[in-house]
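Below, in structure tokens: the form predicted on its own, a single chain.
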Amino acid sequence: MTQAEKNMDEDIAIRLRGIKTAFGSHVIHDKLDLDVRKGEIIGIVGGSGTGKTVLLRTIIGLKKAETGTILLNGRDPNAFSAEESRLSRQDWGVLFQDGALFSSLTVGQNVQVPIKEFYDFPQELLDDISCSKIRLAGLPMESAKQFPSDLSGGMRKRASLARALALDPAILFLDEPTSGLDPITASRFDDLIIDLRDALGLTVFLVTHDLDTLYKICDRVAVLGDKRILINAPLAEVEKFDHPWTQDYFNGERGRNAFNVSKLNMKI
């Protein structure tokens, strides 16, 4: 391996090779390859049933791949001992599509759940850490004592983000983070993700169908189709990719509107 190839490998946060996933006889992905670079925000898109969330869950170990290899920051989670596997979960955080907050816990207590799994900290320190993550997610301090049912949809997303950041992960997985949010709230959430990536050096793996989000924050976009990644490239290249779904998605009316808004914002 040349020095250039070694440097390229070191630049990869997530590497998938030959991934096959299935539910019984129903194959979702087959011979799927994907590289995600450190420090980038990558958007994962695809039609209904292409397995965007399944892919995310496979990477983080909630679903086992039938075949293939997964490397996170150059390490194979499947080769870990039980203790190494447990400790490796500190390397990434997840914001699930529905937030998945514990309804019986306050926001502060929700943020403390993953911390307690790994550390035996005194309660005062737990409270300090959770408050810092809540502020980092752009929530007011009083929300720490509120329950998820007390919050708006946008605030619940931010509370889930605070919990995802609890262990200072290197990789952040986001599953439809702006789904169900109004355009203004969604745009502010997008701004927050950019700020966090830049401030913390995060790698962001983003499953979304939100065209505005794709154009606003993603460095590259990977298109799922035909059980594999069809293209993984900057949007300017993806827009030109000769595939029916890709053309309909990015060059249809909604895609053109999102493109025009992104260009307008760049001028402003």
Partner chain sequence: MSFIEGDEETYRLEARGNWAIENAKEIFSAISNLGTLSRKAFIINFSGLEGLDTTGAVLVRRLTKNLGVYGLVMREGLTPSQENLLALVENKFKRVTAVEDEEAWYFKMLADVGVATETVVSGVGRILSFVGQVLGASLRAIVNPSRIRWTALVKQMELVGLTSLGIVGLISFLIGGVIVNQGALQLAKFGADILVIDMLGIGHLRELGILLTAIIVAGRSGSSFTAQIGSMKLNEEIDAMVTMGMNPIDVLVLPRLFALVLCLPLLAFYSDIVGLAGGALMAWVQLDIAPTTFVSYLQTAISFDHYMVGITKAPFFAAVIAISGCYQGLNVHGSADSLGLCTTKSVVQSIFLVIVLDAFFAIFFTALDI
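Positions refer to the first chain, counted from 1. Throughout, rigid core stands for the largest set of C-alpha atoms superposing within 1.5 Å between the two forms. What you are looking at is a predicted structure, and each value in this text was computed from that prediction instead of being measured.
Separately, the form predicted in complex with its partner chain exists; it is not shown, and the next lines address it.
Contact with its partner chain in the model of the complex, defined as a heavy atom within 4.5 Å, holds for exactly one of L72, A186, M155, L167, namely L167.
D128 is the sole member of D91, D76, D128, D182 with a non-hydrogen atom within 4.5 Å of its partner chain in the model of the complex.
Within this chain, L200 lines the site of its partner chain in the model of the complex, having a heavy atom no more than 4.5 Å away. Contact annotation for I171: none of its heavy atoms lies within 4.5 Å of its partner chain in the model of the complex. For Q146, no non-hydrogen atom is located within 4.5 Å of its partner chain in the model of the complex, even though that partner is not displayed.
Its partner chain in the model of the complex comes within 4.5 Å of no heavy atom belonging to Q97. Counting a residue when any of its non-hydrogen atoms is within 4.5 Å of its partner chain in the model of the complex, there are no hits in 49-76.
Once both forms are fitted on their rigid core, the CA atom of L151 lies 2 Å or more apart between this form and the one not shown. Once the cores line up, the CA of D98 ends up less than 2 angstroms apart between this form and the one not shown.
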